[in-house]
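Next up: a single chain in structure tokens, the form predicted on its own.
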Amino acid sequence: MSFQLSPEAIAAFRSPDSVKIIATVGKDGAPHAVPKGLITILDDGSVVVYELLETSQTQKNLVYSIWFHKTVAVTAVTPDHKSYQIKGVPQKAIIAGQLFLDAYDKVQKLLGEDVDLSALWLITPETEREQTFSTRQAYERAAHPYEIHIDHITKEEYK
């Protein structure tokens, strides 16, 4: 994998205390974003999404994304409100084998024996962006110094 994720993003996605969200798009073009507690980063840098429901909208959209090479986004928000977004393309759905069995055991230990695992979705990251407000604000102000609200100019003149 040529794209390397930052250690901060990896830690955020691996933390059980982070809120994780996946955003997909369906064949109708409608966006679909939902929290998913089980999203992590593998040692090779792949994003792995645990999908529990065979017929969920996320599952349907991931199938569509893998067929038509559509980008998905995953976000992790840490308890101290740092936010990291990774965009990538699904590469495969794992439904058998040792990785799947280990994940299945993990799901049942975490959520109970009546909860199943439909698939592990492997997503190859293509971009990463810190979405923390203070970071985005500093970046946007530096990138677009002349795009400011008129009231900010007025406030500076009267100080």
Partner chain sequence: MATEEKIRKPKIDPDWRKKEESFFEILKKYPTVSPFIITQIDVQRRGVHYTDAALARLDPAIHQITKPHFAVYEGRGIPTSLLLRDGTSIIVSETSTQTWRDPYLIDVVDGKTVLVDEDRIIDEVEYWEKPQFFDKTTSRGTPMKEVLDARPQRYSVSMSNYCHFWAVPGHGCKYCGIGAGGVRYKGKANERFNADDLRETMLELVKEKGRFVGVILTGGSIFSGNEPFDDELEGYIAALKVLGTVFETPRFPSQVNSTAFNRKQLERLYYETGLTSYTTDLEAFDERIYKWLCPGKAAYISYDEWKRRLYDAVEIFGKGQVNTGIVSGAELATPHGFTSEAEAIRVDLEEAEELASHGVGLKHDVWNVVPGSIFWNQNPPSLDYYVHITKGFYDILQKYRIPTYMDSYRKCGMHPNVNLDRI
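Numbering follows the first chain given and starts at 1. The model shown is predicted, which means the values in this text are computed figures rather than measured ones.
One more form of this protein should be noted, the form predicted together with its partner chain, which is absent from this view; the next part is about it.
Enquirer: Do E113 and its partner chain come within 4.5 Å of each other in the predicted bound form, heavy atoms counted?
Expert: Close contact exists here: in the predicted bound form, E113 approaches its partner chain to within 4.5 Å, heavy atoms only.
Enquirer: Is there a heavy atom of Q108 no more than 4.5 Å from a heavy atom of its partner chain in the predicted bound form?
Expert: Heavy-atom contact with its partner chain at 4.5 Å: present for Q108.
Enquirer: Report whether the minimum heavy atom distance between L42 and its partner chain in the predicted bound form is within 4.5 Å.
Expert: Because no heavy atom of L42 falls inside 4.5 Å of its partner chain in the predicted bound form, the answer is no.
Enquirer: When the contact criterion is heavy atoms within 4.5 Å, does G97 count as touching its partner chain in the predicted bound form?
Expert: Residue-level check for G97: yes, a contact with its partner chain.
Enquirer: For the chain shown here without its partner, which stretch in 29-37, 42-50, 60-68, 128-136 has non-hydrogen atoms within 4.5 angstroms of its partner chain in the predicted bound form?
Expert: The contacting stretch here is 60-68.
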